[in-house]
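One chain is shown next in structure tokens, namely the form predicted on its own.
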């Protein structure tokens, strides 16, 4: 099938504008019918830059349009669940940025609306579409290096986001680590138990609202494997993204990607290229591929690869991590997800 899917984007801030540009420039399977933002002037600026003719301030105007088949939600997290419910009720297929919501009750209400409306939902865990992480997944899933024993994930940002964002982000485990929780399930399987420790070692202001900037999280998987995730909000040398799945017959590793593969050597030793400094740079192709895949799933009536349940389980693990940190004990997933 070669037809284009009519899609609208709700939310044209930092992530929304990236998705809008990708839809216009890199995803010919889609027809971007309209964009929307409560800050109309922001959406208008994006539209002018990319030649988009229809701009709305109220997303209900888009949901009322029968020609629009799907919506991409890139608004603030606290609005996701409500917009998902409204979009599902209008019969629109939905791509939603992570997390689906910060509270499990809101997630469950959104997922119930999707199920009742029989529409598709894909959650924006873009790292599943990274070529290196996908290859690790394929190697492990094939069984060629035996059964998984140890998962190690390093995820360190080059600098802290704005404090205004951090105050409403849900904290380290529901904002930053949530990518790693989804990746852990993608690589190894279901998580049974979480133990999290952390501290504020970089930005003292985080103490004002109980957040963290440095954490280590250990996981127990249903298949017997164990995992370790280390997170930092500030790695001064760049955006540090590494992954390993150690198995009974070998290991599969994804190392950092650098700006080039050049190394310079002289009497002082070797100097390698820098790491990317921004997640948009490191994962740019993934943002294209995740939305392209969603569009093709809508067009061809296929299941989406990152489901509402995937989105929910990442939030569940995030809540378990916070509970573990505050109560200083391992927390079983069944305490949140019986």
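Numbering follows the first chain given and starts at 1. Keep in mind that this is a model prediction, so the values were computed, not measured.
Keep in mind that the form predicted in complex with a further copy of the same chain is missing from the display, and what follows is about it.
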Any chance residue 60 has a heavy atom within 4.5 Å of a further copy of the same chain in the predicted complex? no
Can you tell me if residue 224 lies within 4.5 angstroms of a further copy of the same chain in the predicted complex, counting non-hydrogen atoms only? yes
Does residue 77 reach a further copy of the same chain in the predicted complex if we count a contact as any heavy atom within 4.5 Å? no
Residue 231, heavy atom within 4.5 angstroms of a further copy of the same chain in the predicted complex: yes
As a check of understanding, the residue in 141, 103, 86, 259 with any heavy atom within 4.5 Å of a further copy of the same chain in the predicted complex should be identified as 259
Among 88-96, 259-267, 183-191, 106-114, the region lying within 4.5 Å of a further copy of the same chain in the predicted complex by heavy atom distance: 259-267
Each of 26, 216 and 220 having a non-hydrogen atom within 4.5 Å of a further copy of the same chain in the predicted complex: is that the case here? yes
For the stretch 146-162, return the residues whose heavy atoms include at least one within 4.5 Å of a further copy of the same chain in the predicted complex, in the order they occur. 148, 149, 150, 152, 153, 154, 156
